[in-house]
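Presented below, as structure tokens, is a lone chain in the form predicted on its own.
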Amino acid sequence: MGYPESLKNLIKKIEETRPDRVEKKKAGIEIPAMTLDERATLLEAHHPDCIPGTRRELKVGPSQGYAVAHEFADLLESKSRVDPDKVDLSQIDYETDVLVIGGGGAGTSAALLAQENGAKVILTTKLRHGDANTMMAEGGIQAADKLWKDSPGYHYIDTLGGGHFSNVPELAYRLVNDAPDVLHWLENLGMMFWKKPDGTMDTLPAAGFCRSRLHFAGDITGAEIMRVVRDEARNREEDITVLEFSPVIELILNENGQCAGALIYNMETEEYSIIRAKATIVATGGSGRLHIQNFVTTNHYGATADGIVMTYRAGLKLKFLHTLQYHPTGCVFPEQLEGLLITEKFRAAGSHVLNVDGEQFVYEREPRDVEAAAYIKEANERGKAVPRPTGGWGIWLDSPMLELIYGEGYIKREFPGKCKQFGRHGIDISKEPMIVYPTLHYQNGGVEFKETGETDIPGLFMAGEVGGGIHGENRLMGNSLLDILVFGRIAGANAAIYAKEKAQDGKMSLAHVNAYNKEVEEAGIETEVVSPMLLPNYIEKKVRDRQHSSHYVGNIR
């Protein structure tokens, strides 16, 4: 338990440099932030997205010719898990006004707003309600609610700058302008934000932002958000039905070209069911469990890009899927915590990131892609990373210095979740630094959608990480929890209106799946992959090769 002697000896170097660094921090003396040109040069040389050969052009679908990571391409250039010709679409198992696919923050907030706008809702989710990246988000949510020193305009400029000015302007505009309302909505639902003694919201600065606007609930902000929205949805069970362990396999269209529902799969009984809906919202989250370039991930077990696969087959284009976010501070020791998100709130509060010699080498509040690239450079080019006992490299995150800046007890008060997690392994992060390294964290892009939540398929709406365009080519801290709530609420409200005013009945069809399967064949793609993936397979290949049983992988029986 705890750090081995080899690492304890290296920690002594951190302790030697800490007093001087703390004094400089208290005096406001910081290591300089990079210029835009310096950032661009660093990213091109060291960010994982920029490594040659890690992407390939798609041979099929509406974004044919667009280059994405091989792991995405493998799923998008595969056939469906089901044979559409064996699905009896006349056997309707469930019927509703609005179908929400995904039980995280985006899907649950969408369900709430759809219900408030008069719709009956079915929310279907792959795992349990709330098993999502929302639950695992820690640091906080951004919102410019202190208008005497901040504004949505500043928030907008920061968001565009963080995204390398490639964001879809309308989406970013809606994100920042709805942010204060989202805070008030959460608080009215019962969310326990950290506050100052006078009752005003406590905030912290964050990487890439010019104002202190990060609102939080300790280091479990996402879990607290999920608590209140999930409880509220369950309290409305007359109008919101939740189906757990029931992922969607394919969207269903109708003869009018509208989305008419979905085909779902019961993971316990292996039965398929059909849900007919007047409007459908895809809120399936991200893709960290694809382990792009073999990176470990902060993502929950079900984050396997299912929404991208099913909507791409239905005809929607991809947006910014060529960019991924590698969070700078993912835990890499002890091994039991590998991939655990170490919230950016540590760096927002002032923790230094240090090399093996206890030296600062980068401003700790650079945008995430720049910060991550700096860590990789320090390891690969300069050879000054911390050697891990089990192999590989890491960077020190000096959490104990916060106790010297803010007083004893600060770490346990502000980071209770992390104290418990590391404490189980004999590490006291108020006295010992953490070892971190870039970790696959977020899908910057996704599928094209509009600021109304609508897509190019009538009756099909989008919310959350599955959608692309809001964050451009890099997301800033705290904008993801904001994103899922802003656009979840928008999609829910507009889907309910669509269901009442625009939905048309028509013969249901999976013809688009047959057409896609045929396109894969005609492109000469030979693959044993079927998609959506649903869950990652962590059985070692040498074991799988000896498993001779016939495993069920697709066709309805």
Partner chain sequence: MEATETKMIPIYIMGKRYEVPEGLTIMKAMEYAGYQYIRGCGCRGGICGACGTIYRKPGDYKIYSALACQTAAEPDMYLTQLPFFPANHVPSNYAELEGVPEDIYKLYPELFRCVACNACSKICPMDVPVMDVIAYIKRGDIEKAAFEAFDCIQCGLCTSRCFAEAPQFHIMQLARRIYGGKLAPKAKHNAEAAQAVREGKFDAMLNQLMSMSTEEIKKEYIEREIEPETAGDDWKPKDAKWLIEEFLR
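Throughout, rigid core stands for the largest set of C-alpha atoms superposing within 1.5 Å between the two forms. Owing to the predicted nature of the structure, the values given are computational and were not obtained by experimental measurement. Positions refer to the first chain, counted from 1.
FYI, the form predicted together with the partner chain isn't displayed, but the following is about it.
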K431, K86, K420, R382 - the one with a heavy atom within 4.5 Å of the partner chain in the model of the complex: K420
Answer with one of K59, R39, R56, H512: the residue that has a non-hydrogen atom within 4.5 Å of the partner chain in the model of the complex. R39
If the criterion is a non-hydrogen atom within 4.5 angstroms, does every one of L43, Q64 and E77 touch the partner chain in the model of the complex? no
Would you please decide whether V228 lies within 4.5 angstroms of the partner chain in the model of the complex, comparing each non-hydrogen atom pair? yes
For S212, is any heavy atom within 4.5 Å of the partner chain in the model of the complex, or not? yes
Should E371 be counted as a contact of the partner chain in the model of the complex, where contact means heavy atoms within 4.5 Å? no
Might K25 be said to contact the partner chain in the model of the complex, defining contact as any heavy atom within 4.5 Å? yes
Which of 94 to 102, 115 to 123, 130 to 138, 461 to 469 lies within 4.5 Å of the partner chain in the model of the complex, heavy atoms considered? The stretch 130 to 138
Between 165 to 203 and the partner chain in the model of the complex, list the residues on our side with a heavy atom within 4.5 Å. F165, P169, E170, Y173, V176, N177, D178, P180, D181, L183, H184, E187, N188, L189, G190, M191, M192, W194, K195, K196, P197, D198, G199, T200, M201, T203
Examine K12 after superposing the rigid core and state whether its CA is displaced by 2 Å or more between this form and the one not shown. no
Does E540 count as moved between this form and the one not shown, where moved means a C-alpha shift of 2 angstroms or more after fitting the rigid core? yes
